[in-house]
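Below you'll find only one chain, the form predicted on its own, shown as structure tokens.
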């Protein structure tokens, strides 16, 4: 089934969308992106997603082609023009088309592309295997940039090793997954690395921290060593398209009892209730 996308002011079938080869996104990976989950036709946490997109654009010096109201209208129109109720909206903005030159041009019309992908029907979340990797990426991983080659290489290496995701370390400290944030449970305490230039401020990550604030399961945002990860009672990965996923094995070794732990089972229910309240409030 063909989906309808948006490209530079026009809604059209995805297979008909074209950009010039001199677009700086194609030549340099000079662009940013955002992924917004949609449940029952309702975007989840749209404002935080758009705020993160605005921060990425500002950090890279790419002109924001729309204001927040126009972004919301575009996203809702794209949802309405496609037949799926549960989906993700992918937004990508590049600096635009210009002669090839490393120096970014001062006046360049950004390229704006948006598409949707249907979300498979939700079933019981299955635990996953992860593999550890050195984090060899740049110092601004807080920017949601389209130049994802190091992430692609890490995730591909993890899959080749029989794992689902790569969990990365820099200077012996946990950063994040190749396409996810990471939580660990150590001695009953939930922990996740603090915001920094080395991790993307994940919306699901931040939502979970918010949902658990003020409870006995409140998350500690603190540096986490490799040794603490390797001996953790539980490990979870989070992302906008997967919510919370428990980790079953780490580098081939069981995490805890090798099954979703008691803290995960308790927290995932609280997170789901929080999400449903947020969605209900958005109607």
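Numbering follows the first chain given and starts at 1. Everything numeric in this text was worked out from a predicted model, so none of it was measured.
One more form of this protein, predicted together with a small molecule, exists but is not displayed; see below.
Participant: Would you kindly say which of 166, 93, 203, 116 lies with a heavy atom within 4.5 Å of the small molecule in the model of the complex?
Facilitator: Result of the distance check: 203.
Participant: Considering the small molecule in the model of the complex, which of 35, 66, 219, 46 comes within 4.5 Å of it through any heavy atom?
Facilitator: Result of the distance check: 35.
Participant: Mind telling me which stretch in 22-30, 253-261, 236-244, 219-227 gets its heavy atoms within 4.5 Å of the small molecule in the model of the complex?
Facilitator: Single hit among the candidates: 236-244.
Participant: Is the gap between residue 191 and the small molecule in the model of the complex 4.5 Å or less for some heavy atom pair?
Facilitator: Residue 191 lies outside the contact set for the small molecule.
Participant: Should residue 180 be classed as touching the small molecule in the model of the complex when contacts are defined as heavy atoms within 4.5 Å?
Facilitator: Residue 180: yes, in contact with the small molecule in the model of the complex.
Participant: Going by a heavy atom distance of 4.5 Å, is residue 170 a contact of the small molecule in the model of the complex?
Facilitator: Heavy-atom contact with the small molecule at 4.5 Å: absent for residue 170.
Participant: Would you classify residue 151 as touching the small molecule in the model of the complex, given a 4.5 Å non-hydrogen atom cut-off?
Facilitator: The answer is yes: residue 151 has a heavy atom within 4.5 Å of the small molecule.
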